[in-house]
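One chain comes next, on its own, written as structure tokens: the form predicted alone.
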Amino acid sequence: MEFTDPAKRKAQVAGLALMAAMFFLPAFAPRFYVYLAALILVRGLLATSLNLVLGYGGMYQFHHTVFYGVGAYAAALMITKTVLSPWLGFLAGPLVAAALSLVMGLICVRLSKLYFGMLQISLGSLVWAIVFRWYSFTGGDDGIHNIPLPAAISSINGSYYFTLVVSLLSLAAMYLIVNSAFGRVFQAVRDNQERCETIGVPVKRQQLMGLVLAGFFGGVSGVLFVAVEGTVFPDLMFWTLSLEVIIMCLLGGWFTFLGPMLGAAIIVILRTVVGIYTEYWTFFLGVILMLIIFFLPEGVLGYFLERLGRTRPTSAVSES
């Protein structure tokens, strides 16, 4: 999508205002809402990392949460099974997730479109099965609980500010990547892979780099989950959560940069509010998603950017 400069400026001003307000959230909001905001940041960062390869790369990454779970488990295991500083565990999580993404990418990048996605689901499910069954090391289906955290982030407010700062830095890094020379080439590969190959672009290498970056930031979101929840469990890397994250991207607008963050906020809030009254909140999610597909195919944020700019998106590239 291409939007006019006024639309982008208005969106940026609104985003900056929201970020400023989030820094003051713990001062006036109850603890539960602070926790909810932290969870939105974690899931929003996860969805945005997926969108690096899904929206900007056109790659069918159907099991992205495997890197989310591996990042979380790497941090949790280093904290609970070694005497090293927990901060080293937080650094190791994204690196381990990026390494796994590299290995899986080397296998999957040979394929394209749906075949890439199906093979990625298979490999991700294999990783989930190992974690689920390896009781002596990962705790199996029980997971790892009561993870000791550094004093600075052991409180609700501490974990919230840690999550907020790391999320903002990660979003800024991903924004720079998307708008860098690599990001432009990556989007060109998405739009016309054959033409890029013809002019000498190393398509597979570009795609592999995109996968590793997405895996790294997926691992960052996994580490932030540990900071917020103090626990990990195998469901973090189960394929159904990957489907939910894909829905976040579609709902918010997968051709916009901040659309997945908005989609994550909508789904987390919807689950919280509707879940109070019924356990069938996914029914309402399905209805909303169906309406979005029919009436707002560009997603919620894409629609509002279009309205702000008073122009209709003409392509699949957004600089929002």
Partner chain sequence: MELASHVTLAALGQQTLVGLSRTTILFIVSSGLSLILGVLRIPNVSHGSLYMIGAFITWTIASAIGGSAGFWAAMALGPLAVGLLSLAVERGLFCRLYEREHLMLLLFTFALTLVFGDMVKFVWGSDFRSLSVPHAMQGSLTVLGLPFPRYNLFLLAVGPLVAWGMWYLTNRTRIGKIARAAAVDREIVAAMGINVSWVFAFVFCIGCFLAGLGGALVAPTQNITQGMDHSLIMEAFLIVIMGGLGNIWGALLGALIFGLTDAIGILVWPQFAIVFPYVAVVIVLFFRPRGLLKSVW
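None of these values were measured; they are calculated from a predicted model. Residue numbers count along the first chain shown, from 1.
One more form of this protein should be noted, the form predicted together with its partner chain, which is absent from this view; the next part is about it.
Picking from 75-83, 188-196, 109-117, 158-166 the stretch near its partner chain in the predicted bound form, with a 4.5 Å limit on heavy atoms, gives 109-117. This chain is displayed alone, yet in the predicted bound form one of A38, L258, L54, A265 has a heavy atom within 4.5 Å of its partner chain; that residue is L54.
Note on the partner interface in the predicted bound form: the residue among T231, S170, S125, Q206 having a heavy atom within 4.5 angstroms of its partner chain is S125. Although the partner is absent from this view, W134 contacts its partner chain in the predicted bound form, with a non-hydrogen atom inside 4.5 angstroms. Among heavy atoms of F238, some come within 4.5 Å of its partner chain in the predicted bound form. Its partner chain in the predicted bound form comes within 4.5 Å of a heavy atom belonging to L250. Contact check for P30: no non-hydrogen atom falls within 4.5 Å of its partner chain in the predicted bound form. In the predicted bound form, E279, Y280, W281, T282, F283, L285, G286, V287, L289, M290, I293, F294, P297 are the residues of 278-305 with at least one heavy atom within 4.5 Å of its partner chain, listed from first to last.
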